[in-house]
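A single chain, nothing else alongside it, follows as structure tokens in the form predicted alone.
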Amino acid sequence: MSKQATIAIIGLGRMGANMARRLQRGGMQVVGFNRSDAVTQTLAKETGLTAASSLQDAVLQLSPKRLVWLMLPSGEPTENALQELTTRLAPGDVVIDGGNANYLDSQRRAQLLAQHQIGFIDAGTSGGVWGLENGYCLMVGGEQRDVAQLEPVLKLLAPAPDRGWAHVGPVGAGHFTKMIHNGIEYGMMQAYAEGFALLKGKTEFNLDLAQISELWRHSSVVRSWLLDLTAGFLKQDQKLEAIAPFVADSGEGRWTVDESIRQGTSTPVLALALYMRFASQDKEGYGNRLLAMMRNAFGGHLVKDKTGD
């Protein structure tokens, strides 16, 4: 007879699958469901998790009080899953949203579930693809009774039972904390990118960027995990000529800047880091074309056509 599952993870993408792996390794039985059944079945064979064929099936394989952890894209996929769960779950069950979400949506969703006496936890989750081995940083918002029910899961997902996770406040506080975390991340990444661009631009010094990034990792005030990762890929390739200069944004940076406007708090570094990502995504470049024509109109400066002439 198989061991009774403790939690269902809905959404077995890169992070959801690795979280299921980490829980299974820690001795906790997981029910997994993914839109693609092939993904679910492959992970079940690898880890021993219990495969579910639907959201309903996942819920039925749990005993009250149920824990259902969503690792779905923000927006409609999460919204649809929550709407369905209001009809599948019972009072005392708890839903955890561990994906990226606007904290205002989390507060609204908690109110929706509360109408059915279902608990809701917003868990800001950081760690990326490294979380499987290193553990995840978990910023949790919700009622104390719900967080207490989830605590054994948090202790297995975190780097250690006593660190790397925290109940940071009421519903909304988890995703709010993660939102600010990601805004800071944008700024740090932009600072490193600009600094290394300046190093590379000083061609007469012929600087070894891999050497410098490794040097800074040790006792420097700018050392960080981001620098560790940067040093790792610069050892392999400093020119990055095969990489397109396109930087995506997941939405967290936008929400952070929205919050700074809402509060009237000045966050120029975080805002500019977001705008630089927008600039990298601008294939049309209409604004820059317009600037070139303005400059030509008032000063007669040359304008380059697309051929470079």
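Residues carry their position along the shown sequence, with the first being 1. Values in this document were obtained by computation on a predicted structure and should not be read as measured data.
The discussion below concerns the form predicted together with a further copy of the same chain, not included here.
Which of Thr177, Asn102, Gln149, Thr230 has a heavy atom within 4.5 Å of a further copy of the same chain in the predicted bound form?
Of the candidates Thr177, Asn102, Gln149, Thr230, Thr177 is the one lying within 4.5 Å of a further copy of the same chain in the predicted bound form.
Sort through His181, Arg88, Arg108, Lys235 and report the residue having a heavy atom within 4.5 Å of a further copy of the same chain in the predicted bound form.
Residue within 4.5 Å of the partner: His181.
Exercise: Gln211 in contact with a further copy of the same chain in the predicted bound form, heavy atom 4.5 Å:
It does: once a further copy of the same chain is placed as it appears in the predicted bound form, Gln211 has a heavy atom within 4.5 Å of it.
Check Val269 for me: does it contact a further copy of the same chain in the predicted bound form (non-hydrogen atoms, 4.5 angstroms)?
Yes, contact at 4.5 Å.
So in the predicted bound form, does any heavy atom of Met276 sit within 4.5 Å of a further copy of the same chain?
Within the cut-off, so yes.
Any chance Thr78 has a heavy atom within 4.5 Å of a further copy of the same chain in the predicted bound form?
No - in the predicted bound form, heavy atoms of Thr78 and a further copy of the same chain never come within 4.5 Å of each other.
Output flag, Ser126, Val222 and Ser260 jointly within 4.5 Å of a further copy of the same chain in the predicted bound form, heavy atom basis:
Yes, each of Ser126, Val222 and Ser260 comes within 4.5 Å of a further copy of the same chain in the predicted bound form.
Only one of 197-205, 90-98, 69-77, 112-120 gets a heavy atom within 4.5 Å of a further copy of the same chain in the predicted bound form; which is it?
It is the stretch 197-205.
So which residues in 145-168, when you check a further copy of the same chain in the predicted bound form, have a heavy atom no farther than 4.5 Å from it?
Heavy-atom contacts to a further copy of the same chain in the predicted bound form: Pro159, Arg163, Gly164, Trp165, Ala166, His167, Val168.
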